[in-house]
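Single chain ahead, written as structure tokens, the form predicted alone.
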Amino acid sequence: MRTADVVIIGGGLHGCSTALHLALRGLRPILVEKDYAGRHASGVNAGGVRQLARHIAEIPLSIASMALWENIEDLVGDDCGFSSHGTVLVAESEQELAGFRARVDDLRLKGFAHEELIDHAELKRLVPAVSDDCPGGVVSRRDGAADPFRTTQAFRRRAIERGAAVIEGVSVTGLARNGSVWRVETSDGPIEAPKVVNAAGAWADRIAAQLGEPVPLEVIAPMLMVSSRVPPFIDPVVILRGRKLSFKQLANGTVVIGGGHLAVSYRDENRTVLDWTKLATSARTVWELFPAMREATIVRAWAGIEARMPDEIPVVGPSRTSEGVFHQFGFSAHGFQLGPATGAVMAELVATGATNLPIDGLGIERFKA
């Protein structure tokens, strides 16, 4: 019988971050991952590290996480490929720009100043290659990007160095109260601990259902593609809202293109099937917006299995039915940037029962039938 202070179910970035922060607090966590750390969403996403365009309930987490990203090597012993050139949300029409202006004004009234409205001239200065038809946009200047798989592995590695145990290739098959502790049944035998963190990603709804708190989690598979190398022409990450697009150029000249178009996912088979028609739509958007990309070719495309909630914000906080259980899932294809701070918050909740960082609006109770 293995025992621990905390069992973490799921070895994505969020699970690994929580394991590290728990270990830094002197606790003995065991992380159980059915595949390997970063196998799904955490290892194959676009790597955007953005505060821009977040739901108001996520902003405190995002701001706290950015402070950790800016010193990520101090935390995990690896710079994770992090670079900070900002994120630019491009407006494709005056009407869209007016909507962005209203949001920025509203955020400032709420005390948040990280989003800044920019006109056409500043947009062209930041993104010279963008189409001349775009009237402006919004920039978050501290934002950036990192290598997602490298980041997840760095958190995993540092967690182990600090005393966490990571068990990969082992599935959780059951969860039940056993006296004063939780008994986590796995394909490699049971583990007992007084606390459990459900960070199981696209499989987290099954854990929640066992606790009597089902959630309307949707399994999705956001698609990405990478181009051939082209001469450097863009530094910030660029995103669109009207047409789905995220866009960044890597140091080697290749360009990663995403934005939310979905593949078909088969979570019980650990596989996805790409939708090439939707990928072609993304490629056409890039072709229209960035003439510099018109000679590039697409080299590779892929998709990762993720969890999306109906309101597109995560579930972070304690279970409402089961003392000692905490939820950390449903990051809805934009959880990568939140990983460092969400792990710290979960460790604080587990260790002390409370957190100083506001996570109002992220609890699982919002889905109570």
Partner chain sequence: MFKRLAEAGAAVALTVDGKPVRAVSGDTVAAALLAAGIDHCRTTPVTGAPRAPYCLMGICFDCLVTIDGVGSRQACLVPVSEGMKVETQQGKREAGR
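From a predicted model like this one, the values you see are computed outputs, not experimental measurements. Positions refer to the first chain, counted from 1.
Below, we refer to the form predicted together with the partner chain, which is not included among the displayed structures.
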Worksheet, complete the sentence: In contact with the partner chain in the model of the complex (heavy atoms, 4.5 Å), from 230-238, 132-140, 84-92, 108-116, is stretch 230-238
Item to complete: Would you please decide whether Asn178 lies within 4.5 angstroms of the partner chain in the model of the complex, comparing each non-hydrogen atom pair?
Response: no
Discussion item. Residue-level contact is defined here as any heavy atom of the residue lying within 4.5 Å of the partner chain in the model of the complex; does Ser187 satisfy this criterion?
Written reply: no
Worksheet item: Applying a 4.5 Å heavy atom distance criterion, does Asn71 contact the partner chain in the model of the complex?
Response: no
Fill in: Non-hydrogen atom contact Thr173 with the partner chain in the model of the complex at 4.5 angstroms
no
Item to complete: Could you tell me which one of Leu262, Val166, Ala296, Leu217 places a heavy atom within 4.5 Å of the partner chain in the model of the complex?
Response: Ala296
